[in-house]
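Shown below, as structure tokens, is a lone chain in the form predicted alone; questions about how it binds or moves come after it.
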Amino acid sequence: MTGNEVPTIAQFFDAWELFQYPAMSGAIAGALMGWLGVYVVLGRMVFLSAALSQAAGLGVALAFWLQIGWGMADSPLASPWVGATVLTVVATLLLLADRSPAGTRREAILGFAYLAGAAGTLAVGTRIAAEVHDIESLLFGSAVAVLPDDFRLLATVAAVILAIHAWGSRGMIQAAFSPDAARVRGLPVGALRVVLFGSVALAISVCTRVVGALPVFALSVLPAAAATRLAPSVRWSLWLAAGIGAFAGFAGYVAAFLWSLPVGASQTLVAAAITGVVFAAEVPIALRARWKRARPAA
């Protein structure tokens, strides 16, 4: 292919053996974060995923630092997966420990986790110059390759979490949005909320390690924002958000190949475009309803 030749879809699928793992990772991460994002969006915790993904990024950066600066390359404690999981779980426990009325400290905790994670990742990145590209990929999702082992771990985690949530969706929805009614029905609200937050924490830690913090945040908010506008119920929103997220994750990777864009930014833009179309379609409907209300009766 010459320097002026524009890549095509056919060329992308001709090289499918090369692109299959990162492209499918984007689709799987999008489906998983889209589903869980419905709880995040409807629960008015949009910055939860941003804060946890930055905490996961800091965990991965610290793992690289332990490997390079402290000679712990062979230690399981210095594994990027372990670092991402530990820091994400710590941030989640801080949120669950908030017993203040109406969670008044939640926003402060989210802000702390986001800022400490982002600043810490950049600061640690200066100490591990050999892994600067990995740090940038972690923050912005600029990686174009995914190792087979990473793909298999992501696929396994996503399958387990989605299976649990699909099986227990009714109880999970009630525990998340109608806890009093759930208690009346005898549902274990506390346990269900722990499963919900634990699922979000685990999903973010794994997805951040594979696709980066920026697309994880985008895929956990934008597909859910579109789905909740279109679907007639929360349950349908979950399935629709998963579908939109999977499409954005996959199509974003393809778009990055076609137009030489950063992968994470491309996935984010595809998700934003879908959400923007949904929001734009609501404008004439809202204007017509407002005009009818304002028109004087005959």
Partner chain sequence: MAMKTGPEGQGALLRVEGLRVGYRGRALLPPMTFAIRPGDLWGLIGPNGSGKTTLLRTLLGLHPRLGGDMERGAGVRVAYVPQRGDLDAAIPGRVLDVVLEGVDRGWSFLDPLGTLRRRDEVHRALEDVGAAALAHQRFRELSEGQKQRVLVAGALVSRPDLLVLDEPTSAMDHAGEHAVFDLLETLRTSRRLAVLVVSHHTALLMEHVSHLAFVDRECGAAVAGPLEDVAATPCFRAHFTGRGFEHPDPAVAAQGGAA
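Keep in mind that what you see is a predicted model, and the values were worked out from it rather than measured. Residue numbers count along the first chain shown, from 1.
Another form, the form predicted in complex with the partner chain, is not on view; read the next lines as being about it.
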- prompt: Just one of 231-239, 25-33, 46-54, 263-271 has heavy atoms within 4.5 Å of the partner chain in the predicted bound form; which?
  reply: 231-239
- request: Heavy atom within 4.5 Å of the partner chain in the predicted bound form: which of Pro148, Gly186, Pro76, Gly71 fits that? Just give me the one.
  value: Gly186
- prompt: Tell me, which of Leu94, Val124, Ile173, Ile161 has a heavy atom within 4.5 angstroms of the partner chain in the predicted bound form?
  reply: Ile173
task: Would you check, heavy atoms only and a 4.5 Å threshold, whether Leu110 touches the partner chain in the predicted bound form?
output: no
query: Is there a non-hydrogen atom of Ser178 within 4.5 angstroms of a non-hydrogen atom of the partner chain in the predicted bound form?
result: yes
message: With a cut-off of 4.5 Å between heavy atoms, is Ile128 one of the residues that contacts the partner chain in the predicted bound form?
response: no
field: Distance check, Gly198 to the partner chain in the predicted bound form, heavy atom within 4.5 Å
entry: no
